[in-house]
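One chain follows as structure tokens, the form predicted alone.
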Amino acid sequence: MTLSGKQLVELGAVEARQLIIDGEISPVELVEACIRQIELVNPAVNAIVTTAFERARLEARRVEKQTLHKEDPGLLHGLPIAIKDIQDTEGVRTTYGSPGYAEFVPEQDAAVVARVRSAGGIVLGKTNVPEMSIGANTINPLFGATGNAFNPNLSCGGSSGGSGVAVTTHMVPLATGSDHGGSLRIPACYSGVVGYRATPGVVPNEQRRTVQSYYSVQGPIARSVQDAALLLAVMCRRDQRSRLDPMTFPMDSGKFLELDAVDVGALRIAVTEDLGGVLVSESIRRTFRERVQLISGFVGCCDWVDIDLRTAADVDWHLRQDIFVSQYYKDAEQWDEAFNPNIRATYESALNTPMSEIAQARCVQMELYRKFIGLYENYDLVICPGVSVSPFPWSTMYPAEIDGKAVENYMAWLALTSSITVLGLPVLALPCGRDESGLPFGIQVIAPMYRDHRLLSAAHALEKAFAREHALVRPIPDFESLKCAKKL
């Protein structure tokens, strides 16, 4: 099979892997095509901030020899992958988006990166993040901003913004990310790709500092649900370092390789546009209602439900304070004035918050979980918008206001995603056409805890149904305009 460079980079991960195994395409050609795409498009969006091209070329040649010798292929056999720049990569610069780590080159891969490499994945580079990965706008003092692939002057979301943009612009078919209060889901929605936040404990995280927490979940970004499931199957493998994360529980990671056939017409879906009253712009509400109207035409039922998560944002703020003290107390004295203001604001707020308030927040967290989980007695899934506002200029850290209502801090506009983090439920960001501004629009598809395989299977079925409806089709960037755009 002879494919052009353009056709090679358009391949999905599952398809490309099979073509490599069958000898139809060369991993060397695929890597070279992705490198060329990075060189053409990345200057306009600044998604890849560190490259590992020469090492990638060597690894591609090694995979090619393995294919010729009929060696057993890994799950990511020959696939180019980008790694979020908070996940350590042995021999490849890892900066966390912070000047203090500008020249840091780890001696060991993070466990999730080691799993990617052992599965035959080829690391092409590192993707941009907010400093220390805190914030939903991907900009930092070391590399600057990552622009939205559909308008580089606008935000791509965050904190896995570079990963979302790298995948949607065909620089790589897969990228790793992580999610605190929406860091996989927001950039996925702003880039028109799939981001998956698994049930906490599905993907082991040996760098966890807090014993039990729904925060700091690592996960995949891809252009399809099936591709995301493939990378998840690798990221969640149990190995020796998995034991360092006390939230890791026994499971068969291979189950994500085969998604169930789900009858879309039998799906029962609960719908909410604002989780009971959190801040969501009118334009996003209108787009969501239009999408629900279309979706209701091919599912079993699509019912608007009453669910009140208005207190979840406050719970998130208090739990976030608790997490930030455990995460940063050893480093706080070394912060300079230019250090990430989001981290500083949360940390300093924590020091002035009574322990009783944090304890009360944990009690409310349990109450919210029990109320929300009751929805699944009658429904298979819950859906809501993925973001509260259309992409805004990246020159502002976050929207100052939404429909005239002031946004109090960097988390206040993220309640649609952070509230689901509070509940600890698995959630998938699914592309759902474009919004009123012509920019990508995505929804969150939410399932009960530990039902990750069922969620991925149902989302895959929805994705196939969306592909048949013009208004729901995954948007594609204008690559020619990106290639001609000035350097960001």
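All values derive from a computational prediction rather than experimental measurement. One-based numbering along the sequence shown.
There is another form of the same protein, the form predicted in complex with another copy of the chain; it is not shown, and what comes next is about it.
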Exercise. Given that the partner is absent here, does residue 246 sit within 4.5 Å of another copy of the chain in the predicted complex, heavy atoms only?
Worked result: yes
Exercise. Could you tell me if residue 206 has a non-hydrogen atom within 4.5 Å of another copy of the chain in the predicted complex?
Worked result: yes
Exercise. Quick one: is residue 268 in contact with another copy of the chain in the predicted complex, heavy atoms, 4.5 Å cut-off?
Worked result: no
Exercise. With a 4.5 Å heavy atom cut-off, would you call residue 367 a contact of another copy of the chain in the predicted complex?
Worked result: yes
For this session: Have a look at 360, 108, 396, 293 for me and say which one sits with a heavy atom within 4.5 Å of another copy of the chain in the predicted complex.
Result: 360
Exercise. Of these, 439, 40, 28, 449, which has a heavy atom no more than 4.5 Å from another copy of the chain in the predicted complex?
Worked result: 449
Problem set entry | Partner-facing stretch of 113 to 121, 138 to 146, 227 to 235, 213 to 221, counted where any non-hydrogen atom is within 4.5 angstroms of another copy of the chain in the predicted complex | 213 to 221
Exercise. Across 223 to 241, which residues bring a heavy atom to within 4.5 Å of another copy of the chain in the predicted complex?
Worked result: 240
